[in-house]
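First comes one chain, alone, set out as structure tokens in the form predicted alone.
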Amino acid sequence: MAYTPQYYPGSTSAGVNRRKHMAGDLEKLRDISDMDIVAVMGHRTPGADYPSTHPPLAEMGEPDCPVRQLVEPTPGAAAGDRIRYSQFTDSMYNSPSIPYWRTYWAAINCRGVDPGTLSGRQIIEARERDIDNYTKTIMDSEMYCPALSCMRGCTVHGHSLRLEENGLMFDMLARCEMGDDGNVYYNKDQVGVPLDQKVNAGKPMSEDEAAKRTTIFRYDNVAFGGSIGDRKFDEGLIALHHVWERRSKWGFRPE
């Protein structure tokens, strides 16, 4: 019997966008080159070979194991790549994605990853050639806006601050700048090391497009409901309250 997963409830645009992200049904909006992705990540020189932590699996002569027979290794694991990461922060002003949804996307759609969500930032760790591909998928897609999202491996602050006059999210390390052509350029890698050549990340979303594509519920765009507006609570909030209530009652063991 065919089964279609239900990733997230609700009929609002934010609910629809959350389902799209979790399902991996992403619209491609730009095409940033592999070399530019590697440059912004900053783990190795673009074009350099992948450093390894162990020989390729095919050369290691590992003992027979039914799990190894069932699970095909990722390209990075098969080659023995080291573990590397990419980390993003997203503005609260209608950025297309939010940290938890990047984690949900990675956990559901990517193999061999360790995603983590912190306050205002989201990190994905994986074998190096695998994280290169996963990061490119993010930056090419509707999960990313050059003005409202930024790859920041450290000093991520800025997601909750007002946007700058040119619409960019504040960055204390000034990794990005707005070009005269209207495109956003990375002039430093994700940890703030200056790049030899700027990386063109494309044009920012307009305010209307960002409001349409965002996964954020906001009182001034798509509200959860209740006292804001005259519509019912979003089904997502009802489900969240249901889980919270059950966990709380079970934890406190009311008699």
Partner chain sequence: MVANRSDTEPVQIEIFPRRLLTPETAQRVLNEIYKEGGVTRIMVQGPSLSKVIPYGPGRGLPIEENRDLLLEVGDQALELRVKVGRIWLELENEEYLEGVKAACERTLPFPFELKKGTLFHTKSTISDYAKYGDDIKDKRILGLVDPKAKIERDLAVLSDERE
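Residue numbers count along the first chain shown, from 1. Since the structure is predicted, the reported quantities are computational estimates derived from the model, not experimental observations.
Beyond what is shown, the protein has a form predicted together with the partner chain; the following relates to that form.
In the predicted bound form, the partner chain stays beyond 4.5 Å of every heavy atom belonging to P46. Although the partner is absent here, E165 sits close enough that one of its heavy atoms falls within 4.5 Å of the partner chain in the predicted bound form. None of the heavy atoms of N200 is located within 4.5 Å of the partner chain in the predicted bound form. None of the heavy atoms of S119 is located within 4.5 Å of the partner chain in the predicted bound form.
Residues within 4.5 angstroms of the partner chain in the predicted bound form, judged by any non-hydrogen atom, belong to 172-180 and to none of the other stretches in 101-109, 68-76, 121-129, 172-180. For the three marked residues, C154, K188 and G192, a heavy atom of each sits within 4.5 Å of the partner chain in the predicted bound form. Residues of 123-139 placing a heavy atom within 4.5 Å of the partner chain in the predicted bound form: none.
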